[in-house]
Structures are given as C-alpha cells and as structure tokens.
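Single chain ahead, by itself, as structure tokens, in the form predicted on its own.
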C-alpha cells in the first residue's frame, strides 16, 4: 500500500475527480477526510466505501471559499486523526458565460473565491501542521484551461486555474525547506458532473466526442485517470518532485478552441 497510515484531506470529494482521489487513497491505505459543501449523503457514500477498505474516514462540510469554515474543517480533521499528511485541493466551480466582456462581479468573485482563494485558505490552514512535522504533500487540481486557450464561455475559470498554477510554484519554493512538496495537476477534459453546467446531456456527449478526436489517445479522461496521478504525487515516490505541473489530458496540450 503506497499510502499506508497516511492521513489525507481531499476537498470537493463527494463526486467526480475528488471522489475518485479519496477512494484511491483509501484503497492504498490512507485515512481520509472527505470534504463536501452540499451533499452530505454523497460524501457519506464515499466515507462508507473507504471504511470497507479497513481505513478510517469522515465527512467534513465546508465551503472552501469561507476561511472560517476551512479553519474549522482542518481543526476537525486534526482532532479526529492527529495529523494531515496530504492535502488535495480539488474543490472547484465553473460558470458558463458566452459574453467574454460581460462577466459579472458575482461570477468573478464566486469562481475566484472557490478555485483560487479556497485553495489558498486550505493550504494556509494545513501548512502549519505540516511545517511542525516537517512533512507534507500538497496537490492542487488546476486545469488545462490555465495554460491554454479556454472555451470563451468560461471567462473567470481559466484565469483562476492559471493563478492556482502560479500559487503552486510560489508555495513550493517557500515550503520546500520544511520537506513539504507542492505540485499541481492540469486535467484535460474529464467526464464529470461539472460538464453539465449550462449544457444539456446531448451537448455534453457532443463535447466529449469532439474533444476525443483531438487527443493523441482518441479519448477523453475519466476521474480515475487524475486520481492515479494524485496517488503518485501523494506517495513517497514523488519526494524529489515539487513546484511542478503535471498535465493529464490524453495528449491534447495545445492552444485549441475546444480546450477546457
């Protein structure tokens, strides 16, 4: 088991990529704190699956864009498990807006609040515990949109993910002396619920089909594809890797209008 006896906090873990990461970590021997913001039922389903692996798990509610809630969440995890070895900042939202010049103040504040500030708040709360133990793995889920041309309908999303990538590099440099690794993953198009935001089921399937044709592997990604990368970065196999961005897009790293 690659994460035996590690304690991991995964944000946005009740569904999609976060769910796959939480389950993978549990399967590999970790105790897992499953963060959610809305559906406790789905979070508890993930918790129950991890418990079946013989590990401990808890569901912890927190809106990561709210610093007070983040601080309370981290305190709860520390009280329950005594430490946090791995933090995965997966919680994220998007906002479809076809008018690139018409993005509203609300749109910017909500997207940046969760995607960027939420990532920072979680690191800010967890890092002191890692510094004290001189050990930690921080994994930020960015996006291919942060390094390429995104769909014009998601004006705030791409800049928020670009900022996460830059934040990863800055914090890797500052936390490195404490033996804390900070890395990011940039998924390409992954089949998750977030694709349904502002799209019909037919539109989602068409998007998946079109993007699959543009990848070297001729397929779009599944949550497990990203969970596998996160597992490597969470394990001691990645001890000499920090400040890096790993692109997992099936071979679609280019400036395409279909990039997400």
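Not measured: the values here are computed from a predicted model. Positions refer to the first chain, counted from 1.
Just so you know, the form predicted together with a small molecule exists too; it's not on screen, but the next bit is about it.
S.K.: Of 155 to 163, 101 to 109, 169 to 177, 129 to 137, which is the one stretch near the small molecule in the predicted complex, taking non-hydrogen atoms within 4.5 angstroms as near?
M.R.: It is the stretch 155 to 163.
S.K.: Which residue among 195, 229, 58, 212 has a heavy atom within 4.5 angstroms of the small molecule in the predicted complex?
M.R.: Contact check passes for 195.
S.K.: Please run the contact check for residue 63 against the small molecule in the predicted complex: heavy atoms, 4.5 angstroms, yes or no?
M.R.: The answer is yes: residue 63 has a heavy atom within 4.5 Å of the small molecule.
S.K.: Using a 4.5 Å heavy atom cut-off, state whether residue 235 contacts the small molecule in the predicted complex.
M.R.: Looking in the predicted complex, residue contacts with the small molecule do not include residue 235, since no heavy atom lies within 4.5 Å.
S.K.: Within 4.5 Å, heavy atoms only: does residue 243 come near the small molecule in the predicted complex?
M.R.: Contact with the small molecule, no.
S.K.: Can residue 148 be called a contact residue for the small molecule in the predicted complex at 4.5 Å between heavy atoms?
M.R.: Taking the distances in the predicted complex, the answer for residue 148 is no, it never comes within 4.5 Å of the small molecule.
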